[in-house]
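Taking the form predicted alone, here's one chain by itself in structure tokens.
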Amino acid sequence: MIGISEHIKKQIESYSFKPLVYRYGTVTGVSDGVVWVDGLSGRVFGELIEFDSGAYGMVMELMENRIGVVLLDSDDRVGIGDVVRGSGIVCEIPLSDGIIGRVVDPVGRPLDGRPYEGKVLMPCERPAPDLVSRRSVDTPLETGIIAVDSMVPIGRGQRELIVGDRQTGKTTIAVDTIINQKGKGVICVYCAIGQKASTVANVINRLRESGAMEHTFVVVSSASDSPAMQYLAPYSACSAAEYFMDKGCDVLVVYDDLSKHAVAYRTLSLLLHRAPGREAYPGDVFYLHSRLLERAACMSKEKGGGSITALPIIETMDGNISAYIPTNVISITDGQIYLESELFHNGVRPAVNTGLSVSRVGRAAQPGAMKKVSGSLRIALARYREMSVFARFGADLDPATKALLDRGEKLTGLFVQKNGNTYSLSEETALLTGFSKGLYDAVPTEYLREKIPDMLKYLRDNIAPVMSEIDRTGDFDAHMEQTLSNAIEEFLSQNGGAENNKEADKETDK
């Protein structure tokens, strides 16, 4: 007992009283989710502000004698004369490993009906890694989409924009990429910004049905949320990705979409009385997205070796990629995948326009097997697109031109994939090996498209060791290439590909 008394006395003697000092202000104006506060000096941009009603806001405008605060949630209880208290902390999101498989809002509140508690608070905005902390992008991030992996390769740590008109399959490419990361050690984040709640629910259901939620979590700010929450959503998603990157993990983040993010920021800026610029956007709209996308990086081994790959999505109007926001994001990212409405309506899905799509990381992030079979694809496709314009006029074509158009049609047919039907590296390599070797020249295009699933199954069943070795090493030698070619020839001969082509030629002659 004596020991306990002495211990308590020591605690009392060493106790120091540190008063908590709060600064209070007064609401002087409320309008459309924006609150003006006087008498609350010493605030910082992004700081959380608490109102008497229990509502929270975020500082978005700093003036000499007043601050502009945007409400994170719609709250009609905030009125003129209310007392406001500064919190001294910037907006943060609670994080833990348990967030995987969950659906949360930009401030970490669960939206899937189950409790969630984060162990670490990370600020929603954080400076991008410096140049010394980064390393070159050299590891492929396989999308499972043959048109992308062969001609617009994406590497871990890259920023690749997906741009196109409404309803051209932008979200589909992003979701298929997430699904294709199953079992590859990549954690995925899908960030929905300003989307309809029903659209987001469909995406989440598709991820759950495919088993992708085992390595994915979703950050949602729907169209019914306040502009402040839509503004905050991508930064919160990036902070969540950085939580795992700091642990050495590879992370993929999809921002769907940054067009609506820019519109939300424009709304807030106009309500905060900022001077409008081009298309009524504020002057710092470029910095809005650059400070977000620059946080995607491939870190050096000394910094843990993790990476964040960003797939921002931008919606265009009538294919105009030279509009303000698209050109801004194109200049920030390391390339773009351009989806064309005309191709989409012609049944070429994914509707990737290979002429306007580019990856500035290029073949540095492409497996050796893909490098060997995809070298001349872009040239072949460009020549096909050019000659197909002349073929529309019904002019007489020489045999060489007919052969070029036929090969172009077959290559386009290889690039057609259904939603969720992603290919492994070995399957993509096999399909392109057959094309580069001319094995499909005697096969009708429609017949080839119908038989692709059967052919891939035949290859997996009959040359499984070769397919597994390509997937494991990412490369193949001359012997393996010959084995692939022989297996494809055997499948086509067993399934009558050449005979079907002869029958098609007879019908054409008639």
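Throughout, we count residues from 1 along the sequence that is shown. Note that the coordinates shown come from a computational prediction; the quantities given were computed from them, not determined experimentally.
This protein has a second form, the form predicted in complex with a small molecule, left out of what is shown; the following refers to that one.
- The partner is absent here, but in the model of the complex a heavy atom of T171, alone among S290, T267, T139, T171, sits within 4.5 Å of the small molecule.
- Exactly one listed residue, out of N328, N353, S436, Q417, brings a non-hydrogen atom to within 4.5 Å of the small molecule in the model of the complex: Q417.
- Not displayed here, the small molecule is approached by Q167 to within 4.5 Å at the level of heavy atoms in the model of the complex.
- Under a 4.5 angstroms non-hydrogen atom cutoff, the small molecule in the model of the complex lacks R407 among its neighbouring residues.
- Not displayed here, the small molecule is kept clear of D334 by more than 4.5 Å at the level of heavy atoms in the model of the complex.
- For E125, no non-hydrogen atom is located within 4.5 Å of the small molecule in the model of the complex, even though that partner is not displayed.
- Partner contacts here mean any heavy atom within 4.5 Å of the small molecule in the model of the complex, and among 209 to 217, 417 to 425, 103 to 111, 381 to 389 they occur only in 417 to 425.
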